[in-house]
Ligand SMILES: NC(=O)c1ccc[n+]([C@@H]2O[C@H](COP(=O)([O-])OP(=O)(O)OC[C@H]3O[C@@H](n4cnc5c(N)ncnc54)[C@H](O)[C@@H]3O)[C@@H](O)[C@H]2O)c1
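Given as structure tokens, the chain that follows is alone and in the form predicted on its own.
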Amino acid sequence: MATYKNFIAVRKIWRFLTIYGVGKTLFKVFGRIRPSYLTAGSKRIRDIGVIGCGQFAYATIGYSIWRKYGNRFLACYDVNKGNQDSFAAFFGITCAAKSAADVITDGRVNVVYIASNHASHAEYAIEALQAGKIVYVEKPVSVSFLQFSRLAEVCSHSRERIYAGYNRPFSGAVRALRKEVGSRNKPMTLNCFVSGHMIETDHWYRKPEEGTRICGNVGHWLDLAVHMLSWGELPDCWKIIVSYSNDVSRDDDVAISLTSERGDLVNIVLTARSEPFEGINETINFQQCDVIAKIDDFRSMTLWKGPSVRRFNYRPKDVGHNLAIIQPFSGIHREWKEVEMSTLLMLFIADMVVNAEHFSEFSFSYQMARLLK
């Protein structure tokens, strides 16, 4: 059995090397084994604080910052001391924070990266903004309308910058597609089929306060839809249909269909019937006017425009993490308004799933006015 598990592990590492390249794969491996004998080197400028030192912070945020700017990590905190200590050891952080507040109030920290559990994102973001920090908050930015109302209020009065960890809009495929589409106020069709991870019944994603997999996973593709729709004028009124494969775990195998007053059609299917060997796998189909595109797991895209056809390949796989994560430094970023709109839609659908609703109507303007009352 041990030999077989080792064989599978080696096979997965090899597969990841072909998909993500050497650097990202090594960081993924380091994030799992947490080696005490390796370090990410040093950098004269250290101004980043991290709250939440799990696999994503270590392997994805850590790699994306390191590859572009070197090791700029200065402080970190995690409720899991093992995660915190191993993150600190690898990135050469010598001062142990005893709380998230220690990271936020550290005068040497200019940028706070928040990658903790979902229910804590909004509160930490609010505290960091109020402390005058630049904030990068992983998705979802909120898991309830109450949280989001407080965050939106602080953002509306804050001079500090805030960025969200929704990465698909930063992928090479979506950026290339946007150049071809331009700004067209015409109906769009978007279909996202996602094979996601199987999640144990006792996984923290399952806790009611964490917002279900709608906030944890589906929010990615709702955000992508809002981003693409915002290339033109975002329609206000939508009809929403949610179909569940079973009533026990409604957010594991779910289909969401959205139609706008303009005639836009968005379909999102999340399925988790087996564990995908290479991680989440996505097929995205798009059509608007004479532009048709098929994105295959962000490794390739075929794009048709009238009689012409172009093919794009992305090696290593480009889901947009690298550009999304360096938003605080690069000058390439999204309008925060897009994130607010996608969060409103995500929270509304999450409530539908919690309440086992199948049909509802949604208005961005109405929900925003209700939020800011």
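These numbers were taken from a predicted model, which means no experiment stands behind them. Just count from 1 along the sequence shown to find any residue number.
Although not depicted, the form predicted together with this ligand is the subject of the following passage.
Touches this ligand in the model of the complex: Asn80 (any heavy atom, 4.5 Å): Looking in the model of the complex, residue contacts with this ligand include Asn80, since a heavy atom lies within 4.5 Å.
Interface membership of Thr212, this ligand in the model of the complex, 4.5 Å heavy atom rule: Residue-level check for Thr212: no, no contact with this ligand.
Contact flag, Ser142 vs this ligand in the model of the complex, heavy atom cut 4.5 Å: No - in the model of the complex, heavy atoms of Ser142 and this ligand never come within 4.5 Å of each other.
Contact test in the model of the complex: His321 vs this ligand, heavy atoms, 4.5 Å: Output for His321 is yes: heavy atoms within 4.5 Å of this ligand.
Position in contact with this ligand when the complex is considered in the model of the complex, options Ile268, Ala128, Ala115, Ala122, heavy atoms within 4.5 Å: Selected residue: Ala115.
Partner-proximal stretch of 175-183, 148-156, 203-211, 283-291 relative to this ligand in the model of the complex, 4.5 angstroms, heavy atom: Answer to the contact question: 203-211.
Residues within 4.5 Å of this ligand in the model of the complex, restricted to 38-71 and counted by heavy atom: Those in contact are Ile51, Gly52, Cys53, Gly54, Gln55, Phe56, Ala57.
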